[in-house]
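First, one chain by itself in structure tokens, the form predicted alone.
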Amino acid sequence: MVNKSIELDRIPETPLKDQLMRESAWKANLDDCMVCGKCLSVCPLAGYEGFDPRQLVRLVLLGREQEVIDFDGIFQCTGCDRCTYVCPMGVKIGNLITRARGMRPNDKKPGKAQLTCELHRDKGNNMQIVTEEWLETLDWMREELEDDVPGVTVPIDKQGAEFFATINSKLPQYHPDELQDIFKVFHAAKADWTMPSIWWEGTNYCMFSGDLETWERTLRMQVARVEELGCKVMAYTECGHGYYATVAGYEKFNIRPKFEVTHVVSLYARWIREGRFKLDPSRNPDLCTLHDPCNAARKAKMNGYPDIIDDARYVMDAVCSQWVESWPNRENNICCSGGGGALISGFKNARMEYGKTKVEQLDRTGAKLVCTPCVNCYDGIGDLAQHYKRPWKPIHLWRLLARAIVI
């Protein structure tokens, strides 16, 4: 970014700052920034191609916010919000970045975050999976699972079911076998649940692209579907950003659903406490470690939404023969390097560079498996393992739980 003198009494209009100051749920008072550098000290992107969160704040305050909007660093950012977490003044730099992304024209946004957002709006899911194909995949996976779990069912659009299950569309598209783990968990818990035929998508990339209008629209369409079926609880799949985009979006857009939203990790923990499963942790003999997804852990906790930090550890204790903590962990954990839309924004070199810290963190654990209760984190950590030729690999928590369940 170019340095130039500014006449403070001649700062032009600042629509980005004005919007941030008008926010009700997501206000970010940039004037409180003391330029202390704590945000810089924890930012995984700090220094990469000149990225400095303090500089973004100062540029906006000095009326040079167009430079922020045009800076590709706002799309390389993983949205982990470690900067906001440590800020002594509570300046929400993550909100600044989201708003700045939204002020860049859609056709100028890098990568596929905006395209994915629009596919969600127009097709009901990110992968353009038509309903007939979706239902065929569900039935196919159920039939294969029936050999190991006799009598397993996958209720479709069950009116009045307690749980409305969401699914990240990467599963039916790339990892359909993992649907069987989810089916097995709900079956073994004897849950009253349903898989919707439409609006089952468990992500929301509109938060990443800054497209607030489409973010709100997709949320409202899914809410309408849950309420049409009369479900009491939305069981949100293992997708950190999808969960956060939902609960934070409801507050941001003043959406008042007639149902609760619960992350499935919290359901796993509840069902284990209730004794619904017979578990054999010896079925997971390899040493595991746990990755805390930024959105379902730190960001949820910071903003007063239910997080999965303790519940994830309770489940790990119950289903693993051995597992160790990485450090730092919990709300201090390091991003997988794929968050905030970075995974599909087209800056892989940047992700691999600032992902080194995550690689070093995981190396220290000596674990063979990295439990990632988030599909994006699964992909982010998988990319790091492949790039740096590491022996450890990611695994979802539903797979560890399903393996341990004795039918």
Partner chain sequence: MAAEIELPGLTEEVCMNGDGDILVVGGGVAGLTAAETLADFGWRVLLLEKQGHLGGHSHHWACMATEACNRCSACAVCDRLRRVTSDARIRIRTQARLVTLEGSDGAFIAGIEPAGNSDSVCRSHPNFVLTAAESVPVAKVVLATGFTPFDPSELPLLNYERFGAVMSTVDVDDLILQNRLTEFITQQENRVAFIQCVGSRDRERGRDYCSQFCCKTSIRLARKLLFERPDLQITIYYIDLQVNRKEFRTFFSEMQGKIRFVQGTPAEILPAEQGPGLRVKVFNPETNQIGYETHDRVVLAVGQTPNAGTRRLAERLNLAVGPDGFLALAEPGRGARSSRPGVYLAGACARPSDMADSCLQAMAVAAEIGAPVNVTATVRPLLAIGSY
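Numbering follows the first chain given and starts at 1. This structure is a prediction, so every number in the text was calculated from the model and none was measured.
A second form of this protein, the form predicted together with its partner chain, is not displayed here; the remarks below concern that form.
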Look at the stretches 230-238, 191-199, 324-332, 154-162 and give the one with heavy atoms within 4.5 Å of its partner chain in the predicted bound form.
324-332
Does any heavy atom of Arg364 come within 4.5 Å of a heavy atom of its partner chain in the predicted bound form?
yes
Touches its partner chain in the predicted bound form: Phe71 (any heavy atom, 4.5 Å)
no
Please run the contact check for Lys348 against its partner chain in the predicted bound form: heavy atoms, 4.5 angstroms, yes or no?
no
Does Glu67 reach its partner chain in the predicted bound form if we count a contact as any heavy atom within 4.5 Å?
no
In the predicted bound form, do Asp52, Tyr85 and Gly90 all put a heavy atom within 4.5 Å of its partner chain?
yes
One residue of Leu59, Val42, Ile344, Leu30 in contact with its partner chain, assessed in the predicted bound form (non-hydrogen atom, 4.5 angstroms)
Val42
Using heavy atoms only and a 4.5 Å cut-off, determine which of Met352, Ala46, Leu369, Val359 is in contact with its partner chain in the predicted bound form.
Ala46
